[in-house]
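To begin, one chain is listed below as structure tokens, in the form predicted alone.
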Amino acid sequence: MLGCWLARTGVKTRIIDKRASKITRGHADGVQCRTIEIFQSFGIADGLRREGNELAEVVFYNPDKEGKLVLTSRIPDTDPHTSRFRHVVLTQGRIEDFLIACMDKEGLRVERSVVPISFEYEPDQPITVKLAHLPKTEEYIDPSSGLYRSNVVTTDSENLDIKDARIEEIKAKYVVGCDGAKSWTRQQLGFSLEGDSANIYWGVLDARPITDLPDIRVKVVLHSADAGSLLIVPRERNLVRFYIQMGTLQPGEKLDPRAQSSEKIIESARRILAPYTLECPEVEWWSVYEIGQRICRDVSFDNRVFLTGDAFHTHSPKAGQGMNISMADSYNLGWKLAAVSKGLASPSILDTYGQERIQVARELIEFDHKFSRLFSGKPAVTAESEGISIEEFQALWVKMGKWNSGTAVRYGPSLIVAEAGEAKTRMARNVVIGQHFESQVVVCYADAHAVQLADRLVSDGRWRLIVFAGNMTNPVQLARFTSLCDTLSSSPSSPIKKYTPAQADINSVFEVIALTSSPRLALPYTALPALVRPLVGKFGYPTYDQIYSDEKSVHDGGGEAYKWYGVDKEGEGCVVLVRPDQYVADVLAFEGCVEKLGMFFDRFMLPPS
């Protein structure tokens, strides 16, 4: 994910991986709604949605008073109002393929069989990293087992022989450790993961099962009376992912990886599922892991070295957050590194990476701590019996649904997120400062095509000013909108004027997207301000994708965007400032907008050299 950002924005980058080949089976598989939105912003969501299995329903099985498993409730897997996308499951190997292909289009490739062996840092100097290019020997890792990456293996068991390796020394401005829970980068910084273990271990298995459980092709959350719990997730290609409670450990006890097997996992699953039957003649992948929640207090060093993903937070996989939160870390960091590397922004914006993502990780750890223990606990069969409350568990599941989707993440006020306030809320009641800008169907002025507005927020490093221009048939409102655009184009205090390079297109750093509440045919396209239909490129070609109407499309619906965002269709309009990662930075009235934008960006933007 980080490579996609940096390659897309033209930052010279190298990615090294000690593995000779990529993952092909198993590992992470749940892709949440917000992650699919991010993939959409890179133009790579179609393959993910086409190949993956879209989840629609969650079914809960629990013991009745006699201890017999019974179906107790069904709920949607994703609340219908969460996102235009739904939760999808697909093997991590294919997800990596989409990202690798995205990078490859920009000329960035993963360098395999390469390991870092030393790291030297001095302030105000390039970071020196020595790399060992390992000989191209045959690497065998059992593709059906994920134990080598599991937390039950306490150390990296590979003793890499570098005596025949080619050694290379590189100089880097920034180093990012996307290198997992056993992070080499974190170790070089002297940082550590802190937290606790639940002393419970689970198995995970991908198989094509034969079973008489009737709900095998929907997500199943199952608590047995006394044999443990499991989670069933239907996968692509008729695979099914099982998460199976295996047993407990004494404090300080370590699981012996050599004693684990897929057969043991299946036997545990049979006990939990009884009286339903289970056979798994075809197992594609399996692993065993210990439940625990750990976090690193620091995610950056001197704003030059950064940690993302499992390198700074680990937790149980059942909430489907590990891969998603990790990619969201890098999605947050990528555009900031690009802006600083290219001289567009001060290094001060890099402080916001830790401010924003550590809080998200803490919320995840808090949720996972409670969730995993409720999931692993013995259910109380009656109100008088001891055990976890099934009602409490299901209530937590429902409550955290939107947060799990990734769409509820909210960043607090910072250098790049303005303070909220009542006046801003009145202008756009459903646009939340600090949350991602949600999508609605609108109609393009130029060609009458209906589009999702968020599809215009492409991940290319640009800031967006989404102008709710109002009713263009009202001469007063048209004059106000025109005046705003003229001032944004020409005022010395305008960030567009101040921070766009002299020879660059006017929409190269900031793009202004207009949404009117009046029908598109109520005013000729050419009557609207030049800022939203600029001439770009060497030959001054006109643009046709910066002006939209909130009218209903004949073919695709829509016509409710103003209402959905909470903006008055006949009002004075407002401007929503959206960051390059699609998060809302501010909401502003037309009056004083340019001056306030100038003050906002003057805090961290750098004038073009």
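Keep in mind that this is a model prediction, so the values were computed, not measured. Numbers for residues come from their place in the sequence shown, where the first is 1.
There is another form of this protein, the form predicted in complex with another copy of the chain, and it is not shown here; the text below is about that form.
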{"query": "Contact assignment for another copy of the chain in the predicted bound form, among 112, 270, 94, 86, heavy atom within 4.5 Å", "finding": "86"}
{"query": "Proximity to another copy of the chain in the predicted bound form, single hit among 556, 560, 570, 64 (heavy atom within 4.5 Å)", "finding": "556"}
{"query": "is_contact(residue 520, another copy of the chain) in the predicted bound form, heavy atom dist at most 4.5 Å", "finding": "yes"}
{"query": "Residue 217: touches another copy of the chain in the predicted bound form, heavy atom cutoff 4.5 angstroms", "finding": "yes"}
{"query": "Contact flag, residue 209 vs another copy of the chain in the predicted bound form, heavy atom cut 4.5 Å", "finding": "yes"}
{"query": "Distance check, residue 552 to another copy of the chain in the predicted bound form, heavy atom within 4.5 Å", "finding": "no"}
{"query": "Heavy atom contact within 4.5 Å of another copy of the chain in the predicted bound form, the stretch among 561-569, 574-582, 541-549, 34-42", "finding": "541-549"}
{"query": "Any residue of 20-48 that, in the predicted bound form, places a heavy atom within 4.5 Å of another copy of the chain", "finding": "46"}
